[in-house]
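For reference, the chain that follows is the form predicted alone, supplied as structure tokens.
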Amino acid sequence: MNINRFLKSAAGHQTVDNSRRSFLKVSAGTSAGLMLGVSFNGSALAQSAATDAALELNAFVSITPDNVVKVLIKHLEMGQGVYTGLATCIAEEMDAAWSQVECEHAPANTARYANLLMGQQGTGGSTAIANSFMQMRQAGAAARSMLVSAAAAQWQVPASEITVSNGILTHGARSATFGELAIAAAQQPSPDAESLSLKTPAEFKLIGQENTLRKDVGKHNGAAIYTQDVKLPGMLTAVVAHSPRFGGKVKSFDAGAALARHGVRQVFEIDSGIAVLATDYWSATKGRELLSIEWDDSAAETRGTADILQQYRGLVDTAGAVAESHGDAEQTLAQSADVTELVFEYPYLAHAQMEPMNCVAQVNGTSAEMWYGCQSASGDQAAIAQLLGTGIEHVKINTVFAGGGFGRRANPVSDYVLEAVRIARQVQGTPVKLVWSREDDMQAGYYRPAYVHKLSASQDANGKPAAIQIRVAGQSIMAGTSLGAMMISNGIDITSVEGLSDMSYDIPERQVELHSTQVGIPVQWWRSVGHTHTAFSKEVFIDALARKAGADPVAYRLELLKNNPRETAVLQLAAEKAGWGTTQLPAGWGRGVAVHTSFGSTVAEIVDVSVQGNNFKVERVVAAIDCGIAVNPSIVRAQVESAIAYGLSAALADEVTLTAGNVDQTNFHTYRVLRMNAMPSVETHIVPSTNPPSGVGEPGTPPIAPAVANALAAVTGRTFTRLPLKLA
């Protein structure tokens, strides 16, 4: 592998401006190409680029003399399509030919590449397109402006008379490619912020276009570079023996047999266990099997999930910290003669991404260079620098493709990344590839927390909910992390109650309470974060209230959403496309609905299930989404389908259980992710919109489980309150 394919990092010192109207200006450079970059404080920079090295400076757009438009992508490409989506925004405003656009991951540099919605360089929260939409369009518009100015100066014609289309500038009989004008464009003065004119949606030629050829190339033929593909001279492979129980420590170990194994080079203790270094992965794993380790479990979590959930069930019977309060729901419920009450239970969940944790690290003194699918560049870079006692400028992160993430790679404490650095620090100057097996990730990783919810409601004379009280018990995923100060207020981790404390249904009196528990099981965000569980209890509970009122579930929701035109429109579209109320289902089939807003987008899903005895199958899903402007509609549909598959996996099969502190699941035979034969047909309908883009990668996950549960309820008459769903 040619290591020059990886981006070089460089330091930057600019402040972050979260304004969507932050603009760019372009300063001229000299030499053989044009480099453009958007900063976040209303300024920008242009750098000339005579060599490949110069092209790798911090910036978003570069134009090479051979007519390639290179776009640096500040978000991790892990299959969700950000290469394509962000490049589309650039090419749209540049009027570039799609075929001349190439993408690369940007280097780790928070000052230059911060996620505008997070203030850190990272990928998550379905923010990639949403936070970069205007930024990338502005970069493209600035590039176009400079190219036009260069052509106008060369041809001695007014810039207003020059047209740009498919990477060609034209005036009468004269024309030039971007590459031919790149040098001259670099000499042009910076365009004034007010002079940059962005297209209206009616003028888009690429944004909104169906079936755009994706730019995350190489996956179809094996040419794409993932962490496992990184091979450096003299590189060793490492695996780690972790404690079987979370919080367990090494008491003693004997590495004699392991060191005698062919290929094993070193065995030593690190903070998280015993590291085995070898010439290859097979030798490393075989060496690990030969270790004799005595573990100290005195500080370990030794409870099983049954014990933990029992504790939670007791907690939701008591008052918790108040997350939201309108009116006096508790008093109204106490005075009601008829209260509906349901208790919901959710298991721990693994991320189960196709590519387990891996990372390549090389440490030289207090400097480090890394190669991996980096989802949280700012957090990882800072954590590595702190570990080595150095500045972030001495930590270079080369980002490659990742085989899925779902939140796992954006670990708030940089667990596997620091593990790689700790190992590499022991063999200075030698690159080390740390590899976690599926079993390592399943049994020693991080999980979506387990939760218990208790929902209680009274209904008025028309069957509408008059008051609702919601109590949630579960671990905080933000506590103890760098985001805790921002995401936890008055004891409330907002991610534990999001989707409940801000529900769209019009219920006059409501109160949401939270018990944040202390459990020794490591947890972090999972695709759609808190909405993974809050949408389920909310939508199943609303369905139960509708049945009690004798109302149609869609009509009941529409009445409660009459002051919410966006959710109303999405729900109506899904109902229309699914044939709700107009098509007959076969005997033994049921149809269910759920609608939920998360990450700025609204998704409604209607599910058909068939039931035979104690078995059921999800036959069809019809989804509607309002995500603002759909930059790449085909990718939006793919992401909704992916989110449905991911959520359906948890609805039908997935759960992590512990017995006496030991994780029971080891691989896909015991953590049964969705099989291909269980995947239903999916139709996705996108609500036309001219609003700015909002989240796409996650909002499709929350509604699927409750929609399936409600479809089962339509067949069986039972209310399902525990995941995964089981008829017996």
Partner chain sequence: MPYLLTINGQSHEIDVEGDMPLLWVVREQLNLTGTKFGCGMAQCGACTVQIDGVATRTCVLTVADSVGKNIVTIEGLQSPQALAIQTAWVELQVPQCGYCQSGQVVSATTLLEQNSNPTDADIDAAMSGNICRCGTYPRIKAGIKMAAAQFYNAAGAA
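All values derive from a computational prediction rather than experimental measurement. Positions refer to the first chain, counted from 1.
Quick note: we don't show the form predicted together with its partner chain, though the next part is all about it.
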| query | finding |
| --- | --- |
| 4.5 angstroms heavy atom contact with its partner chain in the predicted complex for Tyr646 | yes |
| Non-hydrogen atom contact Ala350 with its partner chain in the predicted complex at 4.5 angstroms | yes |
| Contact test in the predicted complex: Asp229 vs its partner chain, heavy atoms, 4.5 Å | yes |
| Touches its partner chain in the predicted complex: Ala402 (any heavy atom, 4.5 Å) | yes |
| Contact at Lys219, Tyr281 and Leu674 by its partner chain in the predicted complex, all three, heavy atom at most 4.5 Å | yes |
| Residue stretch of 320-328, 493-501, 629-637, 422-430 approaching its partner chain in the predicted complex, non-hydrogen atom distance within 4.5 Å | 629-637 |
| Answer option from Thr302, Ser610, Asn398, Ser642, heavy atom within 4.5 Å of its partner chain in the predicted complex | Ser642 |
| Contact residue in the predicted complex, chosen from Arg265, His171, Arg214, Arg620 - any heavy atom within 4.5 Å of its partner chain | Arg214 |
| Residues in 74-95 close to its partner chain in the predicted complex, defined by a heavy atom within 4.5 Å, in order | Met78, Gly79 |
